[in-house]
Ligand SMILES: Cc1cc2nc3c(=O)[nH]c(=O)nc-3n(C[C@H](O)[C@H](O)[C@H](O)COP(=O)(O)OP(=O)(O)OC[C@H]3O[C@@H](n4cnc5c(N)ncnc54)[C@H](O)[C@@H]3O)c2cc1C
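Okay, so here's just one chain, in structure tokens, the form predicted alone.
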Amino acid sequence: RLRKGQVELAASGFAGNVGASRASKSYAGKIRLREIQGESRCMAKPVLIAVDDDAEVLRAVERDLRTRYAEHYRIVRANSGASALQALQSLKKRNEPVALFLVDQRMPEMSGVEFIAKGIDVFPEARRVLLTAYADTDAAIQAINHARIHHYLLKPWDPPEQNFYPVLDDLLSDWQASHKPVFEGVKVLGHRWSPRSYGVRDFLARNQVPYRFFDVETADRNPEIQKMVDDNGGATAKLPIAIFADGTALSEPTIPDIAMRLGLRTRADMSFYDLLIVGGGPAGLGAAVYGASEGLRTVMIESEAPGGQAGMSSRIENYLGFPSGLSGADLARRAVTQARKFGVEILAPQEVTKLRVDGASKFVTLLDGTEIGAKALVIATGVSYRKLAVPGMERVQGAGVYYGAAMTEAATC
């Protein structure tokens, strides 16, 4: 039973058995990452919110909603208008869309019409249905005319197949036709010519994390950006700011901060492996696939993003097996998928700072101080860009001078 002011999420949860194999563990890691980022199908379901102070009626509403709509919608229920408004604010902050208000008219403290009048300020596109007894039909009709309510339903509505679902089906169909899904990736708020802002964007792009960049210099012409600035400190905001799908934000984040928040793996599951690979470009990924496919316990360490410099290429036409060519990002994605299929642990972003040999074993020390050993070590660190030897170049790198910035800067060119 719901206590006063309580909200309950009645959503279908994810359940499944994850096997003990290394490959299964890698898939579990991918599921966990999607959940953290708020990009799983479950998290993306639009919400149907039911509000009624009568616990028995509320259970009946939830039952009928779940019976027909649980596959495509998430059901949220509340036993008062005030608690339902709190739920709406939380959903708004997490960018979760609300498709329907299903609200009882006669509730203490806040009537159904009063709740809807406030609720449409938060989710103006949500369809609005009032539950009412026969004696309240005049009030319901007035609410349709004056409070922009789309429909009212009489209690009881049995059988739902005749008196309940046809109305909601029609309203939800209208909502789906006009709904524009909210972007659910990472929002980066900063200055376009800031090296730190560029560093965050480059990291997200190379790791194929969906993101959008918002230039604060255009806030005076863009209400959305101005609101983001106001919500994150206003004139004193410490930029750049990374805003995640659940509404949380990091000011002046480091790359490890963002990686941890996204759930990217930076720590190994074990302390000793059969094969350890330093470098995650095509050579490192190839070695990882070949080793793991032969049954070797394999870990690969990459300082920035899997794919290396090749992953930043707009087009690669000389890679074996792809006669039509493909982008560097596609090559990296395919290689990472193949490596994880065989159970390769990919630690990125992570750096190796020291190497030592002890008999037949090799050990590396990571940036966080942890040590990993292996029977065999492959160093596939690739190459680094040759930097321009011009005085003051460090100040403008990432702020107008770039080394392979095609993906990150394409949107603003």
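For every residue, the number given is its place in the sequence shown, counted from 1. Source: prediction; values computed, not measured.
Another form, the form predicted in complex with the ligand, is not on view; read the next lines as being about it.
Review point. Within a 4.5 Å heavy atom cut-off, is Gly373 in contact with the ligand in the predicted bound form?
Key: No - in the predicted bound form, heavy atoms of Gly373 and the ligand never come within 4.5 Å of each other.
Check your understanding: Any of the heavy atoms of Asn318 lying within 4.5 Å of the ligand in the predicted bound form?
Key -> It does: once the ligand is placed as it appears in the predicted bound form, Asn318 has a heavy atom within 4.5 Å of it.
Check your understanding: Is Thr381 close to the ligand in the predicted bound form, meaning a heavy atom pair under 4.5 Å apart or at it?
Key -> Yes, Thr381 is a contact residue.
Review point. With a 4.5 Å heavy atom cut-off, would you call Glu96 a contact of the ligand in the predicted bound form?
Key: Judged by the heavy-atom cut-off of 4.5 Å, Glu96 is well away from the ligand in the predicted bound form.
Review point. Would Gly81, Ser111 and Gly119 all count as contacting the ligand in the predicted bound form, using a 4.5 Å heavy atom cut-off?
Key: No, because Gly81, Ser111 and Gly119 lack any heavy atom that approaches the ligand to within 4.5 Å in the predicted bound form.
Review point. With the ligand left out of view, which of Ile301, Val76, Ile241, Leu88 would have a heavy atom within 4.5 Å of it in the predicted bound form?
Key: The residue from Ile301, Val76, Ile241, Leu88 that makes the contact is Ile301.
Review point. Can you pick the one in Gln208, Gln309, Ser327, Ser194 that has a heavy atom within 4.5 Å of the ligand in the predicted bound form?
Key: Exactly one listed residue reaches within 4.5 Å, namely Gln309.
Exercise for review: Determine which one of 46-54, 356-364, 383-391, 64-72 lies within 4.5 Å of the ligand in the predicted bound form, judging by heavy atom distances; exactly one does.
Suggested key: Correct option: 383-391.
Review point. Quick one: which residues from 81-120 get a non-hydrogen atom within 4.5 Å of the ligand in the predicted bound form?
Key: None of them.
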